[in-house]
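First, one chain by itself: the form predicted alone, in structure tokens.
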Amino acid sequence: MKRILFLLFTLILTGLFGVVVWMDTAREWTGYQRQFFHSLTRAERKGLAGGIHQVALEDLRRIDRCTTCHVAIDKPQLALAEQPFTAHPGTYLESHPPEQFGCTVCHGGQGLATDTKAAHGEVKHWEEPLLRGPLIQSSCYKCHGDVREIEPHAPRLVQGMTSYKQLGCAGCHTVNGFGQNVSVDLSDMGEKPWQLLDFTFVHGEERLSQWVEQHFQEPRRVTPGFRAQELPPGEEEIYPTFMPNYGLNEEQARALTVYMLSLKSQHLPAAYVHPPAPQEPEPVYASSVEAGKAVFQKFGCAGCHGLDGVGGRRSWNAWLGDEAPSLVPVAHYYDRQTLKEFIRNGRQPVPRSNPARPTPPLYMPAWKDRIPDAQIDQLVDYVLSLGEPLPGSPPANGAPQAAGGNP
């Protein structure tokens, strides 16, 4: 009986071993390699090795197996038209050889995996999915700090950086120490775990890039907040985001998304990093008003007060129409010194239109520790130039609350 059981278990183990061998030969990557090798002549196949191809990058603490399937990535003479058998576009591999850089440091994905979905990082709990299309441009900023150097290769990234400045995002957000803290610090936005985001109102796949891009296009759809009656008893009302809807088209939103994905706190070895461009000297302006306009743009005042200060952004439950006011009539209400002190010290919190509701989330921050006094003087000159005082009216001695608290 024991011999029969022994023989039976031996047969079962032998069968299981055979199944494992068969499964190993039928893995996804083996099929890709067979398909590729069958497309080559005998002479072309000479010197090409099958099996798993692996690059160990000790400095980057990565192991990449991407070329197991992308076997022609550095062999344009053998490349086929369809993926994964195409060659890498452009001449990037000449300055970024795979044996030194690998693939995932730029493209994202899961370097150790050998199945397509897992290798592309499109699986649960993996926070760096494959960057597709223009999103790959977000990786350039990790190493290349000189924007002029990368502009020909990453135009969407540079476009996003430019839009960030033009729209005045620094008026609410901080990036690497520059900007305000009214809203979240974006310095590491590119590595924010997507699992922490609410995708209830986001269309498509649950990815960080999807959430960010749609939030740029329709911020109050993605983060609508909650009405008090929808919350448990005793919970405070949550306002929708005060992120403005700038009416961005798909290309503009995608460019800003590329910039957001480029913001990461991880530090690469010095050998991989190109130093940023030397700081350019401050331009010389023809007047204090022109210099003040540059300060207005640099520190993101347009983020709340609109381009050229002509229209405010929504601030839920704030006095004066629930919005940060236009700056055009400021000269009617403020004298120079009062306006300067208001900019220096801000107003936190903003007066409420309904004391029974929560405090407005958007407020006038203090700028005294962020803008030098001489530049605040220039900013005051610019703001006062936007609208002349009423004829015959003396300059105001104080800041009436009718100005809304967010000059």
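What you are looking at is a predicted structure, and each value in this text was computed from that prediction instead of being measured. Just count from 1 along the sequence shown to find any residue number.
Omitted here: the form predicted in complex with heme C. The next part is about that form.
- Contact with heme C in the model of the complex, defined as a heavy atom within 4.5 Å, holds for exactly one of 336, 264, 332, 88, namely 88.
- The partner is absent here, but in the model of the complex a heavy atom of 215, alone among 215, 156, 293, 207, sits within 4.5 Å of heme C.
- When contacts are judged by a 4.5 Å heavy atom cut-off, residue 75 does not count as touching heme C in the model of the complex.
- Although the partner is absent here, residue 178 lies well away from heme C in the model of the complex, with no heavy atom inside 4.5 Å.
- Taking non-hydrogen atoms only, residue 67 approaches heme C to within 4.5 angstroms in the model of the complex.
- For the chain shown alone, residue 246 is a contact residue for heme C in the model of the complex, at least one non-hydrogen atom being within 4.5 angstroms.
- In the model of the complex, heme C lies within 4.5 angstroms of at least one heavy atom of each of the following residues of 67-104: 67, 69, 70, 73, 83, 84, 86, 88, 89, 92, 93, 95, 96, 98, 101, 102, 103, 104, in sequence order.
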